[in-house]
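First, one chain by itself: the form predicted on its own, in structure tokens.
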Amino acid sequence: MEIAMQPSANAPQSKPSAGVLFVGIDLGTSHTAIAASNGNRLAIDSIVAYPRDVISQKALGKDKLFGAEAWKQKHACDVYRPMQKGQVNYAELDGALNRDAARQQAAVRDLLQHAVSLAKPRPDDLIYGVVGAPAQASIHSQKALIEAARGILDCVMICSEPFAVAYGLQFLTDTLVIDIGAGTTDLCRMHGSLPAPDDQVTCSAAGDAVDRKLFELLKAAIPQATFTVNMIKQIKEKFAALAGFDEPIRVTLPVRGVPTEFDITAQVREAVESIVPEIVDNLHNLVAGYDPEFQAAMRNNVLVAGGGSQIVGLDKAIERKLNQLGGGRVARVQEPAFAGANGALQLAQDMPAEFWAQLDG
């Protein structure tokens, strides 16, 4: 199902001007960010954990854990990555992640509820929330996200993540946004009005795909070492770069329990470069399908957002590949962790009543 914003069948009669907290939420595969009209703004890892038994419940003193705290307690808990999306099955690479489908759906709701609590709404606030979703929503379709929000938000609106980024930065005309997340990369072309389904596309060339590729490359290059995909993810986030390396990337991994140093410079570079061709192919197709009179303007106004945009040099790697297909200019957003949430908040404050879905408790 592709996301196309349109008036809602169960919209409220009017949008309140007082007594309402507007929130923009980017429920990402790797990180969740929320920005609220009361000035609160926070981000956490998109991980939810539940104590495994009565002993772990007693030891932890909580029935739910979130973010970094959840991952830290993975040996005592059932751990979920609720916003897993795209074609890369992250759970296959790490046995710590649970696969129970029903609990996975519950974890989506728990993560959303926790994110809203971080905004510190007042008890009497009505909460209007815009939730970012993949441009082509898969397992978390619009309907699933709306159901997850029931009882948490009073009114909800779903928008595509790259559109939220573009809206928040006011890149509304002849712009192509590439939102590189963990599970998917979402692309959206902006032409001065709400994007239609054919203005948006989702592909799996994203952070998880880099993790998978690096995992496979290291397994082949250093089979004697042992590591988990979460260790690989941390290595990628610390070292991944397509610009020139000042120093080799050296990491310490256990070999039969003995910490051992390895040079993985070549493997990191190959893993990161592996996602560029698919991203550029999708970008090129969106440009090619645009009004030919304005294609040049769009090519020269490509904006890279999402967690993947923090990979140093990735914007230039996309630009170099794009130059093989006619040229273009690529820039990075300045605040990738919050660009989607900021844009969703701006949408929440601006969009009229007819675009909102009113939720019963």
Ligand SMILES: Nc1ncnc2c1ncn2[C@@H]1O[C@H](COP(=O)(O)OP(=O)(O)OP(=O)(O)O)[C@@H](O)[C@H]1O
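Just count from 1 along the sequence shown to find any residue number. Owing to the predicted nature of the structure, the values given are computational and were not obtained by experimental measurement.
Just so it is clear, the following notes concern the form predicted in complex with the named molecule, a form of the same protein that is not shown.
Chemist: Please check if residue 38 has a heavy atom lying within 4.5 Å of any heavy atom of the named molecule in the predicted complex.
Modeler: So residue 38 does not count as contacting the named molecule.
Chemist: Using heavy atoms and a 4.5 Å limit, would one call residue 301 a contact residue for the named molecule in the predicted complex?
Modeler: The answer is no: residue 301 has no heavy atom within 4.5 Å of the named molecule.
Chemist: Quick one: is residue 321 in contact with the named molecule in the predicted complex, heavy atoms, 4.5 Å cut-off?
Modeler: Taking the distances in the predicted complex, the answer for residue 321 is no, it never comes within 4.5 Å of the named molecule.
Chemist: Indicate whether the named molecule has at least one heavy atom within 4.5 Å of a heavy atom of residue 182 in the predicted complex.
Modeler: Yes, residue 182 sits close enough to the named molecule in the predicted complex that at least one of its heavy atoms falls within 4.5 Å.
Chemist: Looking at 292 to 300, 50 to 58, 323 to 331, 23 to 31, which one sits within 4.5 Å of the named molecule in the predicted complex if you count heavy atoms only?
Modeler: Checking each option against the 4.5 Å cut-off leaves 23 to 31.
Chemist: Given the named molecule in the predicted complex, answer whether the residues 208, 233 and 237 all have a heavy atom inside 4.5 Å of it.
Modeler: Yes, all three are in contact.
Chemist: If we check the named molecule in the predicted complex, which of the residues in 290 to 309 reach within 4.5 angstroms of it by a non-hydrogen atom?
Modeler: Stretch hits, in order: 306, 307, 308.
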